[in-house]
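Next up: just one chain, as C-alpha cells, the form predicted on its own.
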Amino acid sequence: MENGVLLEVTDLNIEFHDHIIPETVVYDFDLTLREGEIVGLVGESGSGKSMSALAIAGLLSRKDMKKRGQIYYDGKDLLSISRNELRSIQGNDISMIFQEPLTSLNPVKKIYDQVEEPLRIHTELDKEQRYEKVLKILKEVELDDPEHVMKQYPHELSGGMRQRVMIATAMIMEPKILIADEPTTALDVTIQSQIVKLLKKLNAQRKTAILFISHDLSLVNSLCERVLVMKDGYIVESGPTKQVFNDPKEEYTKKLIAAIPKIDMTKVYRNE
C-alpha cells in the first residue's frame, strides 16, 4: 500500500445466504483510508453503508453470507486471516462505535469495568495503571466528574454521556482507525454538535483515522474531508467533500443535498 494508507478496501461484495434466494447488499465497494483522515460514508437506510463498515470492522458473521474482495490493513487481508488474528486487530487497531450506546453497553456492569475491559484483555497493565488510563480517557472525552461516572451504570447516564463512554471504550487502546456508525442519530442537535467536536479533537490529537457513517449530510459536511455516497449497495459518487457538495455529479447526490434543511447546520456544528 502507499505511504500513509492505513486501510485499502477493493471490490468488496457482500451477499447474504439466509434466504432461499441469495441477496447481494454491497457491490464493488472501494475505500482508501489514510492516517489521520476523516472520511464520510453517506446514504439512506438500506444503502449498504453499515454493512460495509461492519465488514471492515470484522463484525459480520462468517456464516450465512459470502464476502468477496479484499480489506487490507497492515499488509493483512481481514477477510481471509484467522479469527485469532482478526481478534488481535479488533479493538486494538480498529474500533467501532454505534448509533445507540445503551444497546452496546452492558446494563449490569459499571462504567469503569466496561471502559477498562479492553485493557484487561489486550494489555499486561496492573490494576493501578488501568485505573489511571480509564480516568485519563474519560477526561479526554470531556465527561464531567469522571471518578463519579466510573461508578455508575449506563442507565444512570444521559444519551450524550453514554456516547462519550462508548467513544472512550473504543479509543482506550489508541486504535489507528475508528469507525463511527451513525453515532449522533439518537442525540439532539446540541449534543450532536458536541460529539462531532469531540471526534474532531480526538482525530487532531491522536491522528486517528475516522470512517464516519451517517445519513446526515450537514454533519458529514462539517466533519469529513472526503465523502462516499452509497445507493442500493453501490458507491454512486465520491470525492473531496466540498467538491461533492458544491458540484454533485449524480442525480441521487443532488437529491440528498437538496433535502438538507435550509438552516445551515454546518455553522452550528462549526460553532461559527
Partner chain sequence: MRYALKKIVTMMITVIVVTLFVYIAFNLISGDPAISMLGTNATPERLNALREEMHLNDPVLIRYFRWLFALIRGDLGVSYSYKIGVSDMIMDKIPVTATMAVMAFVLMVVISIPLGIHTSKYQGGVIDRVIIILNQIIMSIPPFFSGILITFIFGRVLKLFTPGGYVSYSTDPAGFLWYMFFPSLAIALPKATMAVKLLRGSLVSEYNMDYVRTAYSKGNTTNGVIYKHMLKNAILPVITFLGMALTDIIAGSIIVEQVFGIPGLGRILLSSISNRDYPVVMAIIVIICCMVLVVNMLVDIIYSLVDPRISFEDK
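Keep in mind that this is a model prediction, so the values were computed, not measured. Positions refer to the first chain, counted from 1.
Separately, the form predicted together with its partner chain exists; it is not shown, and the next lines address it.
- Residue contact check for Gln163: none of its heavy atoms lie within 4.5 Å of its partner chain in the predicted bound form.
- For Lys136, no non-hydrogen atom is located within 4.5 Å of its partner chain in the predicted bound form, even though that partner is not displayed.
- Using a 4.5 angstroms limit between non-hydrogen atoms, Pro118 touches its partner chain in the predicted bound form.
- Among residues of the shown chain, Leu105 is one whose heavy atoms approach its partner chain to within 4.5 Å in the predicted bound form.
- Contact with its partner chain in the predicted bound form holds for none of Glu37, Ile195 and Asn221, as no heavy atom of theirs lies within 4.5 Å.
- Contact annotation: its partner chain lies within 4.5 Å of heavy atoms from the stretch 52-60 in the predicted bound form, the single such stretch among 201-209, 243-251, 52-60, 27-35.
- Taking a 4.5 Å heavy atom cutoff to its partner chain in the predicted bound form, the contacting residues in 139-173 are Tyr153, His155, Glu156, Met166, Thr169.
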